[in-house]
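In the block that follows, a single chain appears as structure tokens, in the form predicted alone.
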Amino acid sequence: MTQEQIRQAIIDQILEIAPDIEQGDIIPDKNIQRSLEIDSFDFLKILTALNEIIGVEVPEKDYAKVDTLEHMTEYFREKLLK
């Protein structure tokens, strides 16, 4: 997957899990949970769905590394390159 495909997959899952959010609401460098008011359960659902799509599991110890769209995109890209 390219970086843009990863980014779009993340956006798609955010919009799937939180249908009240519009794509323009997702600010790349803002904390996803706080800026979009997504609770921890929905955030976990996003990560679980992305694991199925991208094939990369995010362990709980790495949750702080995937707090923004930019960080999450980079995290998945780096894991796919390994």
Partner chain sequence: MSEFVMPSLGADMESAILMEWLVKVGDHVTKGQVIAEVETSKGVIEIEVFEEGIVDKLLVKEETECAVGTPLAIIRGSDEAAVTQVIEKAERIKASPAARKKAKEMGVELSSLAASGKVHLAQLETFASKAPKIIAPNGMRQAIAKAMSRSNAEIPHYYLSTSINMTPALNWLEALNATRTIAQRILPAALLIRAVVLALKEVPELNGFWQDGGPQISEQINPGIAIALRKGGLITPALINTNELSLDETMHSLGDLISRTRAGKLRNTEMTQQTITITNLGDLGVESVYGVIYPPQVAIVGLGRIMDAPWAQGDSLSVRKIMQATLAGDHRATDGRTGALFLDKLNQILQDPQELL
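Because the structure is predicted, anything quoted here is derived from the model rather than measured. Residue numbers count along the first chain shown, from 1.
Quick note: we don't show the form predicted together with its partner chain, though the next part is all about it.
Student: Taking 4.5 angstroms as the cut-off for heavy atoms, does L47 touch its partner chain in the predicted complex?
Tutor: So L47 counts as contacting its partner chain.
Student: According to a 4.5 angstroms non-hydrogen atom cut-off, is I11 in contact with its partner chain in the predicted complex?
Tutor: The answer is no: I11 has no heavy atom within 4.5 Å of its partner chain.
Student: Please determine whether L36 contacts its partner chain in the predicted complex, using a 4.5 Å cut-off between heavy atoms.
Tutor: L36: contacts its partner chain in the predicted complex.
Student: I'd like to check something about E57: if you look in the predicted complex, is any of its heavy atoms closer than or equal to 4.5 Å to a heavy atom of its partner chain?
Tutor: Taking the distances in the predicted complex, the answer for E57 is yes, it comes within 4.5 Å of its partner chain.
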